[in-house]
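First structure 1, then structure 2: two forms of the same chain, each alone, as structure tokens.
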Structure 1
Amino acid sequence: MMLSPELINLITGGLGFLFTLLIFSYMLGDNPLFRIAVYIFIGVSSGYIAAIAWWQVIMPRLVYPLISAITSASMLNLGVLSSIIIAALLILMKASPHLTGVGRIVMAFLVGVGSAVALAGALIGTLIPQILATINAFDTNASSLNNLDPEMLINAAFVLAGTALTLAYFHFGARPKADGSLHRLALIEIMAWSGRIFIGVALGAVFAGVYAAALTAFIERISSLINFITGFLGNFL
């Protein structure tokens, strides 16, 4: 039996209304209703991720290529895919306390590769673009600085100061004192203290953005509740 679009909309709207109330019940404190909603959300999300991983990663990138390598007798592809399967099995052995040491080699390889990718991403995606942006702000060949606009020069000075002072805050070089304590140079301390201001402003802007996004989601949920109630009452009254 096919469900009508109106009935499907009513069911999905009712579920959304119910789960919204369950999540909002957390305002009264941690309670079983909120936990039920969280458990269902985690379970559905885990199942969805598992299905995506199976049908879009494991099957097309491992199972199908393995079958193709076996049928075509390609020893190179078969060896590569077999090593991947062995590595996956070794990682699964970490679920057992007695066999957890077997998968350390694979985990060490994954951690090393992940660290290298994260470091390269931080350099290429954050540090180097920030350095280039700071340099380009003082590029006299840029069109914005051809007329020596004071506003652009002030903005460039703020970018340079923010970058230098923020990096100075993370300068951990220190000299030991006679009593065993550590201290940095006075200039570095002053720059680090000034860098806290830029870090505070940046974190404040990030928090404001997160708060605005959360407030937008909250307003959307309230609007959804109102629309569902008015639509439900309109259909039955």
Structure 2
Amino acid sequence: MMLSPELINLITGGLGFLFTLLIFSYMLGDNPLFRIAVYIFIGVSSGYIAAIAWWQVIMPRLVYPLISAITSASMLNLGVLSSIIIAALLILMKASPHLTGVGRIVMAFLVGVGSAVALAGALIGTLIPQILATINAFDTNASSLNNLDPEMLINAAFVLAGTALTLAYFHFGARPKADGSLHRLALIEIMAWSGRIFIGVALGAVFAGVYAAALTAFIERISSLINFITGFLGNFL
């Protein structure tokens, strides 16, 4: 039996409407309706992710290449895939408390490779470029400063000041005074106080962004409710 697209839209729209209301019921506090909706979401998501793992990871990246290697008698590919299968089986041993140590070598390999990739990426992709960008804002050879654009110059000054002052805020080194109390240097103290302003502005921007994102999602859901009701009623009017 084939369902018509209109009927599918009606069913999916109805489910969307129902689950939106169930989730909105959390405004009244934690209740069974909200929990039912959450449990269904978790169950459906888990099932879908399991299907994705099988059809988009294990099958195309392990089973198909293995079949191909066997049919083509490629010993190199067969060896590589065999080692992958053995490694996967060793990690599966972690499910048993008695055999959990068997998968440590494979886990160590994965963690090592992951750490290396992350560290190299952070260094090359974030730290060095960000530091260079802060420095180069005042580079006299830079094209923006050749034009002596005051807006760019002020922007660069703000970026530099914000970076330095924010870093100063996280400088916690202090010296003991005669009365035993610990205090930062006066210059560092002033810089740290100024850094708090930049941190406050940054956190305010993040808060505004989070609110804007949540508000948009809320509007989209209300809009979908309205569209479903008007569409549903439109079928009968």
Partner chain sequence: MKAFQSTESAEPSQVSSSLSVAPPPKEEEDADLDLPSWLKAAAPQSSIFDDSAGTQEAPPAAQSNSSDSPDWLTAFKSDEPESQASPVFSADAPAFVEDETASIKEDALFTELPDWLSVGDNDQPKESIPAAITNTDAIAPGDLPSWVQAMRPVDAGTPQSASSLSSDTTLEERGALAGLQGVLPAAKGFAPTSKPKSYFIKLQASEEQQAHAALLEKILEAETAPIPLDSSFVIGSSRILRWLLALVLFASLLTVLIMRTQIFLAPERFSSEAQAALTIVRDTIPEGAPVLAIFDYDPSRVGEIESAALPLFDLMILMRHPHLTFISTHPMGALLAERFITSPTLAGHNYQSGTQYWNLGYLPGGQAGIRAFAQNPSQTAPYALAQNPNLLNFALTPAWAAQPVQEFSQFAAVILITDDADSARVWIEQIATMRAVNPLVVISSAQAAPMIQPYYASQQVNGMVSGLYDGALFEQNNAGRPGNVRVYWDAYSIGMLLAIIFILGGGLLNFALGLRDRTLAREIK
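Note that the rigid core is defined as the largest set of C-alphas that superpose within 1.5 Å between two forms. Residue positions are counted from 1 along structure 1's sequence. Note that the structure is predicted; figures quoted are calculated from it, not measured.
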Just verifying the output here: the form predicted on its own should be either structure 1 or structure 2. Which one is it?
1
With the core lined up, does the C-alpha of Trp55 move 2 Å or more between structures 1 and 2?
yes
Comparing between structures 1 and 2 on the rigid core: C-alpha of Thr163 shifted by 2 Å or more?
no
Whole-degree rotation of one rigid part against the other between structures 1 and 2:
13
Taking the rigid core as the frame, how far in Å does the Cα of Gln130 move between structures 1 and 2?
2.7
